[in-house]
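First come two forms of one protein chain, each written alone as structure tokens, so that there is a structure 1 and a structure 2.
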Structure 1
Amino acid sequence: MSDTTTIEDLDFPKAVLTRVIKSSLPENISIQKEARHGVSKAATVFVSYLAATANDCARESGHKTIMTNDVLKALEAVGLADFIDRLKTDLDAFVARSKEKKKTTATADEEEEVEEEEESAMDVDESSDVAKRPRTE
């Protein structure tokens, strides 16, 4: 950690926090600036706190990288087990989304391969006076 940066200097963007805060309050309720500031600090400290606790769980389980189970165990350890069910649903959605992304990339790669195979097949079948196309990457 540098001497000039502390955990509390790493705030989340104000617009993001305002959105999250507003969605937790009824429409007609406002929040004082100092309270918003408190939420900002609390959010950053919470990330640090949860990550550190999850890290302890990881070490206890004998691995160095924080895995999803470590995060869930950490929430139990800090008295926030209420979040666990929702987070499991969130995680499923996240994993599904990641798989979708990978599939799109894989499909694009597959299509490229099929195109290349078709091209090389044409080169073999057609007569030699057809100029051979350079192979694409």
Structure 2
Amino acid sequence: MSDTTTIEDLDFPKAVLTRVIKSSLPENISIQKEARHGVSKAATVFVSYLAATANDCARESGHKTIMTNDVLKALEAVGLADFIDRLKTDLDAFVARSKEKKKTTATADEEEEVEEEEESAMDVDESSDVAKRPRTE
């Protein structure tokens, strides 16, 4: 965080926060605007604290970039080791989805290239036919 930015300046997007809150509560429960604001500030403080702790873990490991393992160590350091297994499961699922998405995108890109090559070949064939036709004027 820069020297000019404070926790009060940071907020999660309201729509995202509202979806997270609603997905965590039973259907017949609502949340007041002030309570949602309180959850937002608490989430901001938590993420800032976890990121700072993960940064400390990264530095202790001798690197400048925070990696997944640093976040897991930070969760343990702040007393939230119970969340580590669930987070690992979610991360594995995320990685699998990302790989599948890249694979699907790569396949689609390859198919598009083949179609473009076929179209180019057709254009060449058509232009050669035009050159062979006698001129009628």
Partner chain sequence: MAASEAPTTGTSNLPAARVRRIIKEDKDIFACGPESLFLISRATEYFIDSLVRESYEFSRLDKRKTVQYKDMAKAVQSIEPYDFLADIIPPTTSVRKPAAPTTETPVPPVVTLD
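Numbers follow structure 1, counted from its first residue as 1. Small disclaimer: the values here were computed from a predicted structure and weren't measured. The term rigid core refers to the most C-alpha atoms you can superpose between the two forms while keeping them within 1.5 Å.
Of the two forms shown, the form predicted in complex with the partner chain is structure 1. Once both forms are fitted on their core, a CA shift of 2 Å or more is seen for F94 between structure 1 and structure 2. Taking the core as reference, the Cα of T104 moves 5.3 angstrom between structure 1 and structure 2.
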